[in-house]
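As structure tokens, one chain now follows by itself in the form predicted on its own.
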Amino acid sequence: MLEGLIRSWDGEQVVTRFDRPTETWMFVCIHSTDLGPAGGGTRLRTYETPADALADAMNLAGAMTLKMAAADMPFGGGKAVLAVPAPLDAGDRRELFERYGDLVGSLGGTYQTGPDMNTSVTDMDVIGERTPYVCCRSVERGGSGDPGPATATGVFHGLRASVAHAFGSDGLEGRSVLVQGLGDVGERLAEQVADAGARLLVSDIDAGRATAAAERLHAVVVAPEDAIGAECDVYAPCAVGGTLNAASIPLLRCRVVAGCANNQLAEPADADRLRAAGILYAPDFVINAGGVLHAWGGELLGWPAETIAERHRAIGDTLLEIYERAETEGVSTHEAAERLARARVA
């Protein structure tokens, strides 16, 4: 199964290591270095099979190539997955990231990593003890810290641009926005949406987290099983990917989909389904690039805070360009975004 995945992939390199002490599969997937060294986060998850983990890493790496290109960054795309069999205690986790740091270092800078799902600034500090090819270490360790706030800010700019395209004005006063998933990025996005005057709805598999956020932000809680079909102006998926699919899209009751989750579409055809349903989709690899601009721009390109803020605002401009291209060319917004990104890679 692993061999078949590798043979069929259009990327450049797959690096695999089995960490026997923790029985963890490490997969580093380098999709493209055409624009520069591959950049992308490290995800830690439990998967049903190693093949599922590798497929996830491959899909995410390809999306990172598009993200870097769409954001006009001089880097390629990569991603890593650490497929653990079960949650690790603190000691085993630290040792796993030390050995993983050695693996990243062995690639000589071809791949530069950062945090992703279930990994943190603390984990990046551990990796940074073994290799310099890591972003988002703590500020005390010379890094730029948690990229979550920056990702949320970029998504907020993209969300407002999407609202402007769909409704004629970027004002959120009176607009209803459902933030699905209140993790590191989703909760910060919810805060900005609430501050802008929107009627906020929140949903999370952790009922306590959703209730606490709703009380603090004066939001309405939506049960996880009801989120996809809740009536709202903007649906913002901010948790796992693949939730927009042939079964779920007919249930949507929104005008705009604009969230921070990676790989929101289960398959490319889902972009056409959204278009046919009259739903404006903000391609995830465009709207959620704020963390990359913060980390890779600030740490590796030396951008000052003002430049990063300008690039965050430019995410909205890029989306408006994509929406115009999609309408002119008669294609989905996802296809228009891919064409823009691939042209920059070429």
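On a predicted model such as this, the values are computed, not experimentally measured, just so you know. When you see a residue number, it is the position in the sequence shown, counting from 1.
This protein has a second form, the form predicted in complex with nicotinamide-adenine-dinucleotide (NAD), left out of what is shown; the following refers to that one.
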Q: Sort through Arg216, Arg253, Arg141, Arg209 and report the residue having a heavy atom within 4.5 Å of nicotinamide-adenine-dinucleotide (NAD) in the predicted complex.
A: Arg209
**Q.** in the predicted complex, the one of Val221, Ile205, Ala164, Ala266 near nicotinamide-adenine-dinucleotide (NAD) [non-hydrogen atom within 4.5 angstroms]
**A.** Ile205
Q. Of 234-242, 86-94, 266-274, 100-108, which is the one stretch near nicotinamide-adenine-dinucleotide (NAD) in the predicted complex, taking non-hydrogen atoms within 4.5 angstroms as near?
A. 234-242
Q. Using 4.5 Å between non-hydrogen atoms, is Thr113 touching nicotinamide-adenine-dinucleotide (NAD) in the predicted complex?
A. no
**Q.** Partner contact for Lys67 in the predicted complex: nicotinamide-adenine-dinucleotide (NAD), 4.5 angstroms, heavy atom
**A.** yes
(Q) If we define contact as a non-hydrogen atom of the residue within 4.5 angstroms of the partner, is Thr153 a contact of nicotinamide-adenine-dinucleotide (NAD) in the predicted complex? (A) no
Q) So in the predicted complex, does any heavy atom of Gln192 sit within 4.5 Å of nicotinamide-adenine-dinucleotide (NAD)? A) no
Q: Decide yes or no: are Gln13, Gly40 and Ala80 jointly within 4.5 Å of nicotinamide-adenine-dinucleotide (NAD) in the predicted complex, with each residue judged by its heavy atoms?
A: no
Q.
Where, within 288-303, is there a heavy atom within 4.5 Å of nicotinamide-adenine-dinucleotide (NAD) in the predicted complex? Residue list please.
A. Asn288
